[in-house]
Structures are given as C-alpha cells and as structure tokens.
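In the form predicted alone, a lone chain appears below as structure tokens.
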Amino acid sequence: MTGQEMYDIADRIFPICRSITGQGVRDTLAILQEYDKDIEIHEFPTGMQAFDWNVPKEWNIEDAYIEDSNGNKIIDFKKNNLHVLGYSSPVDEYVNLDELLTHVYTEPGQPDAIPYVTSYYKERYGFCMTENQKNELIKNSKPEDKYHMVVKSSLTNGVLNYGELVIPGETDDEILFSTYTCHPSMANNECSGPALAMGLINYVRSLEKRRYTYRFLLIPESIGSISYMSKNLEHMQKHIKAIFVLSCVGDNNDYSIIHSRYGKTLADRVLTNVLKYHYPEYSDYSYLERGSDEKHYNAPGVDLPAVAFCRSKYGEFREYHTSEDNMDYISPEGFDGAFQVMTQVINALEHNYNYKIKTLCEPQLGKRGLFPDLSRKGMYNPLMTLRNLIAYADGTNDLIEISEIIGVPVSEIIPNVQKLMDNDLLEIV
C-alpha cells in the first residue's frame, strides 16, 4: 500500500467525531473494514469491570453550538467537531458572558487554534474555541447580552467498540500492532495510526511465509486497551513477543521510539536497531516519557513487551491536540517513511533466530562461490559482513545481537544468512 493510499484512508476518517465510545467509533471501523473485510468488530458493555476501571456510558452527539443574542452562531460543532468538550453532557441554557466563559476552553499560546479537551469520567459540558475568538467575544459583549449554550448529546448504557484482526503464521507466537480510534478530527494524532495499520495489514498478508502470527488492534486509547487486557491477559502474556503502539505516524518530521519500562524487550531492540542504522537522527524517549497505550501494556504485573512508534512524538509537536493537526500536517511521504520503518521491523523479526555455523573453523567459502579465488590487497572488506556473521553465529546470539556486535543493519545481514543457509552452512538453534 502506498503512502498516498494510506493518506487517503486518513482523509476519509478525518471528519468523523470519535470518542472512546459511540457511533463515531463504529463509523470509523466500518470504513476500515472496507479495506480488509476480516476486521472483526467487538464490544464491551457499559459498566464492565476492567481491572481498576469500568467501561463508561456510551456517548453520542448530534450537535453543539453557542449563539449570541441575535441568534448568530459563535461556534458550531458541525463546522469543527473540536468545538465541543469531548463527552459533554447535554445542555440547553441561556447565560450571561461570565457564566459562559466558565464553560469555554482555549489554548492561549496558540491563539488561532481550537484545543482538544475531554472529560470522560466526570459529567460536565463545555465548548472549545480559539483564544482570538474568545477575546473578540469579550470585546464585543454588552452587559445585557445573553448566550445560548446548546449540546445535543446523550450518555446512555451502551458499548465500547473495537476492531481486531489476526493473520495466522507458522507459530502461535504473536506480534501485536495496536493503534486507537477514539479522537475526533485530528490527522496525525488520530487518523495516521489506523491508516498505517491498514498498510501494514496489507503488507503482512503479502508475505509468502510468516513465522509469527500478527494481531492488529484498532481500539480506544486507555480504557480500550485496559478492557481488552482484562479479558485476554493470560493469552497475551503467553504468546505476544513484541507490541508496537502506532501513534502520530503521518508527518514529515523525525522518527521516535518510546521505550518499554526497562528498555530491554524484543520490541525495544528491533525498533532501535532499525532506527539507529537507517534513520540515525531519530529521537529516543524513555518510558518516563510515555503517554499512549504502551503505559498500560507495560504496567507492573502486565509486563508485556511494548514500545510506541511515532514520527513526531505525541505532545512534542505544536499542532498536537489542536485544530492545527489537520490534513495539511500529514502527507503521503510521511506515511511512506513510517511504513518503511515498520516493514523493516517486520522483516527483521521474521529472520531473528539464533543461528549456528555448522562447521568447525571458518568454512571454505571459495569452493562454494562465496569467496573469490584470487587474493589481493583490499579485496576482503566487502566480504566482512559475511565473515563476521560466521564468527558470531555460535548459537548464543540472535540476528539483532549479531547486528549490534558487527555494526551492520539486520537488513544487510539477512542476504548473507540466506547464502549460508542455501549452502547448508548455517542452522537455526
């Protein structure tokens, strides 16, 4: 799948008003099902216990706006769904300016941006506007003015929906790609993760041979992953070998990894290896700087091997959680780059065995056509990757460890592995 195709998926789901529950999640998953019909949509009911949490009421919204005394709409949810506080309870009231402002949220440091604000677990209502809009409102307001606050929403017993797709491999060992479907119209923070996941689903399906089983979760952040683990933790702890949380992967900026708690899992090792050798300007964040579902997958007692992958890390780019995170902020080229990183990760994982050379001493490579039969100064350097692979293929090192020892990316070692395997010189331990 091309970067343009992934960008087009993001563009399709961008207008939808999503939250952690509700019709917006279902509408998003229905669109993603058009790209892979095997995505299954599941649900958790309102009130379900999930460790220390409970699934909240389902939230749906029809409209929201503020009108001035003349009936002119100051803000309109239908023009930008960030104008309403996420999970706002219904309201239909006329208030003065002072009362109105207690329900208004802005981002003063970005006076032209509408902020994204939510209140999932405490019922309230509110509106978001730009700082310039608020200042203009205050400037033009008269003491006798009344403002009409309207939120047409519902909070009812319902369900939390999520999508899941499993692509079987030769083993029950699993690689999990997890991304979320719970934010309204923000392109990088929300739409890029599911769009990249669809590209990776397409890629995994194209592999002629799959060592691993691949699981993809399209799930509301935090409460979704917590709920999922509360029902599936035993299976996950037994079978999952690496988790990659995909978030903010559509922009053109640097690449980022947010590590697991101790930074030593297979997920840490393979993503770091790919980024270090192919994208050396990448940003490296410890678990202390976590913020997405990696924090739940890594929680004590859960201890799943999870890292997060971003281009610009969530919370670190100016447009984050505002209306400035729009379709202009992401690009087909941004998706192409993120896709290349993750497909290299998949290829490295598929070949990451412990290998052992089958001969004592270095094998005679020349008679197998793997080494020149003429010796002269300077000719050995291009062959050192092959010879160094042989030197460290003693059964104790996996391919990522050998890569780190000899200073060559896994992608350059794999063809040499294949040469040795084809000549019956190397075996998998």
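One rule holds for the numbers: they count along the sequence shown, beginning at 1. Worth saying up front: this structure is predicted, and the values here are computed from it rather than measured.
Omitted here: the form predicted together with another copy of the chain. The next part is about that form.
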Spell out, yes or no, whether the shortest heavy atom distance between P300 and another copy of the chain in the model of the complex is within 4.5 Å. yes
Report whether the minimum heavy atom distance between K142 and another copy of the chain in the model of the complex is within 4.5 Å. no
Should N161 be counted as a contact of another copy of the chain in the model of the complex, where contact means heavy atoms within 4.5 Å? no
Using a 4.5 Å heavy atom cut-off, state whether A393 contacts another copy of the chain in the model of the complex. yes
Do all of P363, M384 and N388 end up near another copy of the chain in the model of the complex, with near meaning a heavy atom within 4.5 Å? yes
Per-stretch contact check against another copy of the chain in the model of the complex, the hit in 259-267, 91-99, 188-196, 151-159 (non-hydrogen atom, 4.5 angstroms): 259-267
Quick one: of Y353, Y282, Y285, Y320, which gets a non-hydrogen atom within 4.5 angstroms of another copy of the chain in the model of the complex? Y320
The one option of F244, Y116, F216, F339 with any heavy atom within 4.5 Å of another copy of the chain in the model of the complex is Y116
Interface residues of 79-114 toward another copy of the chain, as seen in the model of the complex [heavy atoms, 4.5 Å]: L85, Y105, T106, E107, Q110
